[in-house]
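Given next, in structure tokens, is a single chain: the form predicted on its own.
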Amino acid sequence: MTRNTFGSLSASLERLKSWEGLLLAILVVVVANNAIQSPVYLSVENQVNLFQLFIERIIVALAMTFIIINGEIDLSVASVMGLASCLLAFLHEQGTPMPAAIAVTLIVGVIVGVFNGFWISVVGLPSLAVTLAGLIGYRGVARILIEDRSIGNFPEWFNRLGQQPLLGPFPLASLIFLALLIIAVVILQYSAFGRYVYVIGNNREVARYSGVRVRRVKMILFVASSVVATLAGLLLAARLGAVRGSTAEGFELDIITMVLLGGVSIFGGSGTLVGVGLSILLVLNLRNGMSLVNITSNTQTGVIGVLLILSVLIPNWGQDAQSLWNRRRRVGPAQTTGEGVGHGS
């Protein structure tokens, strides 16, 4: 193993003692409380459903991790999911064969990613503004396509892919998530591209002067984010069996919370998939526990909103406290030395 690999592992272990360790402790408490509150919580069926109901959001959270570490944000992912679902349903309703409809939808996902990436990486507009416009615009296109109707009647084979196990108890979406997770870990932690993502997130100008092709990296990230969101939208349509213009509405809250709560800095440059994985488990188990005790979805959304705020505030408070502590440690010896010299004179 190289020195960089040892350094990466050492940094990961150090973080595990801090934020990731805290997430793990909270997760244990939540799981224990859920098990006490509901006798069906630990059942295999409930655990499978736990992931199946959120699997599309979890898949998109992997891509969002790269985006935020890079110092950007993509608020349009849920609208892209909705657009993909509605476009697929619209094409199917118009008589397009389902394989062709899937292919066209994925191509549109690439186009959406290039559109977002162009304005952000080439023109230089803030990703917050561009993707916020996308959140509104792509959702509007989805509603135009199918208006206020609910479109379903997909082919049986397509519905089976989203609703029935494909390998053991796992449906297709879970297997895709596992594959994407392995790919994401390898790219982010052990590839040159992953290092570029971190370097740009830390300081874009330093990265540019170091020879990193910042525009290319950002373009790739936003295209990948859009394609992953499109894929998630297709999987969502298969699982639901019918879609509306509001499909996937509000999913961006859960997705961004999973990433930020996992210790990924909102300012970019830091974070690991270990933390994001623990955060995903924590959010899923919190929502599942609240559902089992009949807490309304609106209250659940409020809890996730609070978590989103805390996920940004707590790391900042920790950094401020650490900086204050370091300054005091530096000032203390200096004052002691100065007093000693003055006394001797």
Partner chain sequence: METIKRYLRPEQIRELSLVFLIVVTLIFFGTQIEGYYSGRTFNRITTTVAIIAVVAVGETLVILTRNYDLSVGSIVGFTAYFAGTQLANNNEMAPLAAILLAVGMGAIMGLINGVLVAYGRVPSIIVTLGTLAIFRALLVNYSGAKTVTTDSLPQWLLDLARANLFQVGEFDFRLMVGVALALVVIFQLVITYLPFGRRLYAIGSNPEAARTAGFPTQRIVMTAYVLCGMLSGLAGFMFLARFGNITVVAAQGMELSAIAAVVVGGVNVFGGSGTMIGALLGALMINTLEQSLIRWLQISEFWRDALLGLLILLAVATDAVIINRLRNLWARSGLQARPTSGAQAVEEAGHDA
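All of these numbers come straight from a predicted model, not from anything done at the bench. Residue numbers count along the first chain shown, from 1.
Although not depicted, the form predicted in complex with the partner chain is the subject of the following passage.
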Worksheet entry | E93 within 4.5 Å of the partner chain in the model of the complex, heavy atoms | no
Fill in: I144: touches the partner chain in the model of the complex, heavy atom cutoff 4.5 angstroms
yes
Discussion item. In the model of the complex, does L221 come within 4.5 Å of the partner chain, counting heavy atoms only?
Written reply: no
Item to complete: Answer for D148 alone: is it within 4.5 Å of the partner chain in the model of the complex, judged on heavy atom distances?
Response: yes
Worksheet item: Considering the partner chain in the model of the complex, which of L273, A101, V228, L260 comes within 4.5 Å of it through any heavy atom?
Response: L260
Worksheet item: Exactly one of P169, G137, P97, P155 has a non-hydrogen atom within 4.5 Å of the partner chain in the model of the complex; which residue is it?
Response: G137
Worksheet entry | Options 121-129, 169-177, 156-164, 236-244; stretch whose heavy atom lies within 4.5 Å of the partner chain in the model of the complex | 121-129
Worksheet item: Does every residue of I256, V306 and V312 put a non-hydrogen atom within 4.5 angstroms of the partner chain in the model of the complex?
Response: yes
Fill in: Within 289-306, the residues that have a heavy atom no more than 4.5 Å from the partner chain in the model of the complex
T296, N298, T299, T301, G302, G305, V306
